[in-house]
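Next up: just one chain, as structure tokens, the form predicted alone.
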Amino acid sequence: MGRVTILKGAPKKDRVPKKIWPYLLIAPSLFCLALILGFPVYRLFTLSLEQYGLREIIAGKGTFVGLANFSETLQDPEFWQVLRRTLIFTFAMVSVSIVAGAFLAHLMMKMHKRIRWVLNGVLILVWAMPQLVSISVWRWLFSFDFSIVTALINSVGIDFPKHNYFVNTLSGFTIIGGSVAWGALPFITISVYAALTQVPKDLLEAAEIDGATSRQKFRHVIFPMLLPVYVILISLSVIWDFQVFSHIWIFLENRPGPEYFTMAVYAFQKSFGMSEYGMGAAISLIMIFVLISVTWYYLRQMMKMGDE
């Protein structure tokens, strides 16, 4: 038999450089996103550059108007009122849901094991409940004719007749916001609780030995370790709450007044209520730009944490 000679030399170089591997790994996901979202966003952009109403639908072709839809939208005082209302609503909902979820998560760390299981089960059931069902339950609680809240107020001896809670925008948005926060609470609570279980007990014990109070342990040990989780949750909550539509639409029986317009409702009304589809497309693109600009800060912070 012939002898096989093994030549020892420099190892062969990989055909694909290591720097390219991360991009190859995310390429399928990027391809799917481009396939699913690419054409709709492109069509939205082209539609925003056209005057597209009922006449254009019948004709089958829009009239190119350039940036006229954007210019008209940005010069409309109602748009700025709606944007301001949406930002305030988003800030309030994100703050309430993050604070309440974090509080529940820290409370779960102190609970008895069986009670924690029960609370986990309740949170999962709330999370699993379809959004339409959840909104319908909240609407029933505050309905004009069959409000359980009004009945409870009357049961304690206070004369409180049938009341429309949505006549006043403050009470109306409070109820809508409660429904939004209720739906977001399970995800935030479970995420924060899972992160809390990963905090090393050695660090907490060392802080106790050094005489740190509960507040100091949270500020100097727990919060810095949970900061990446909070950044992700805040980013997702901003995206979800900024585009709230179904809650407002269902609570107000498919006919919300201008005082209840948020960006999503405003874009829908422009498109389908007034048949100004080009204007609605322009408002939708502005929503995308606002979301990108608002969440960009959190994304940068997340990338900095990853580098560190």
Partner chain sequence: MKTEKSSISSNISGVIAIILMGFPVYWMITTSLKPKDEILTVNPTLIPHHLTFSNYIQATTKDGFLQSLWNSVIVVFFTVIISLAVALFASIAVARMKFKGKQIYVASILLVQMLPLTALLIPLFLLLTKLNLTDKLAGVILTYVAFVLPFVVWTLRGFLVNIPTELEEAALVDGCTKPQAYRLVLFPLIAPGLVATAIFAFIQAWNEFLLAYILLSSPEKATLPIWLAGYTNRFGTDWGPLMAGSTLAAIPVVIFFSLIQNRIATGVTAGAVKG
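The term rigid core refers to the maximal set of C-alpha atoms that superpose within 1.5 Å between the two forms. Small disclaimer: the values here were computed from a predicted structure and weren't measured. Numbering follows the first chain given and starts at 1.
One more form of this protein, predicted together with its partner chain, exists but is not displayed; see below.
- The closest non-hydrogen atom of R43 lies within 4.5 Å of its partner chain in the predicted complex.
- Its partner chain in the predicted complex comes within 4.5 Å of a heavy atom belonging to L123.
- A residue is said to contact a partner when one of its heavy atoms sits within 4.5 Å of a partner heavy atom; W138 meets this definition for its partner chain in the predicted complex.
- In the predicted complex, no heavy atom of R84 sits within 4.5 Å of its partner chain.
- Heavy atoms within 4.5 Å of its partner chain in the predicted complex are found in exactly one of 150 to 158, 167 to 175, 219 to 227, 88 to 96, that being 150 to 158.
- Here the marked residues S29, F268 and M303 all reach its partner chain in the predicted complex, each with a heavy atom within 4.5 angstroms.
- Contacts between 276 to 301 and its partner chain, taken as any heavy atom within 4.5 Å in the predicted complex, involve Y277, S284, M287, I288, L291, I292, T295, Y298, L299.
- When the rigid core is held fixed, the Cα atom of A212 travels 2 angstroms or more between this form and the one not shown.
- Residue displacement note: F289 has its CA displaced by under 2 Å between this form and the one not shown (rigid core superposed).
- For P28, a C-alpha deviation of 2 angstroms or more is recorded between this form and the one not shown after rigid-core alignment.
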